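Quick setup: one chain, the form predicted on its own, written in structure tokens, and binding and motion questions come after.
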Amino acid sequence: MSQNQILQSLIADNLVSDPNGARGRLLTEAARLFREKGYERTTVRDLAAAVGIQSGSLFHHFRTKEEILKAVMVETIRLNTALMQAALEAAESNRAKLRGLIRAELESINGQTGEAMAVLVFEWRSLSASSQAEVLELRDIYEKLWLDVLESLKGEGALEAEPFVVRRMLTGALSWTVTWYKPERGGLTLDGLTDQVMAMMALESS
């Protein structure tokens, strides 16, 4: 299943917003503004201006600014979890599964959902406790995909380090690529970068 097919399926199930619709455009602009200005410094007026509507019209879609922030996070996790699940389904070995996860996460960080992924990290404390719990529940599903594959690799004898530690290290390393990875300057492709990460893993033959 292609990325577009996955997206359309999630839209049909009302799990994510259509990026071409009013709600979807609002979430895209909100992610950009929250990343650039910070959640607290971004006003409702800023959000409305970014999508060319009156401030009051925002509340046809969301009751509060925090609901917009939560929706940015929730929909980003749902989309990227679905893309990772598809990558796992397309892979036959645990090594191939790990490569698929790394490739998918690099794309989510450096591609269309990059700003939303950054917001998820940097604006976490801006959510209320109840909203944090909802996002954490989705995040746990996302992280389990990684831990299951890493634990399988350890069980095969291909991985020596503890899966939890490996995942934490990968989280930091992959997230940081947004600060230096510039494929438009003739550097590595996303596949090439994925290959380099896999080479760093130095997995043993089972």
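Everything quoted here is computed from the prediction, not taken from an experiment. The first residue of the shown sequence is 1; numbering continues from there.
One more form of this protein, predicted together with the DNA, exists but is not displayed; see below.
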> Among the candidate residues Arg167, Lys70, His61, Arg35, which is the single one with a non-hydrogen atom no more than 4.5 Å from the DNA in the model of the complex?
Replying inline: His61
>> Give me the residue from Leu147, Ile53, Ala161, Ala173 that has a heavy atom within 4.5 Å of the DNA in the model of the complex.
In response: Ile53
> Just to confirm, Ile141 within 4.5 Å of the DNA in the model of the complex by heavy atoms?
Replying inline: no
> Is there a heavy atom of Arg45 lying 4.5 Å or less from a heavy atom of the DNA in the model of the complex?
Replying inline: yes
> Can you say which of 133-141, 153-161, 35-43, 175-183 gets within 4.5 Å of the DNA in the model of the complex, counting heavy atoms only?
Replying inline: 35-43
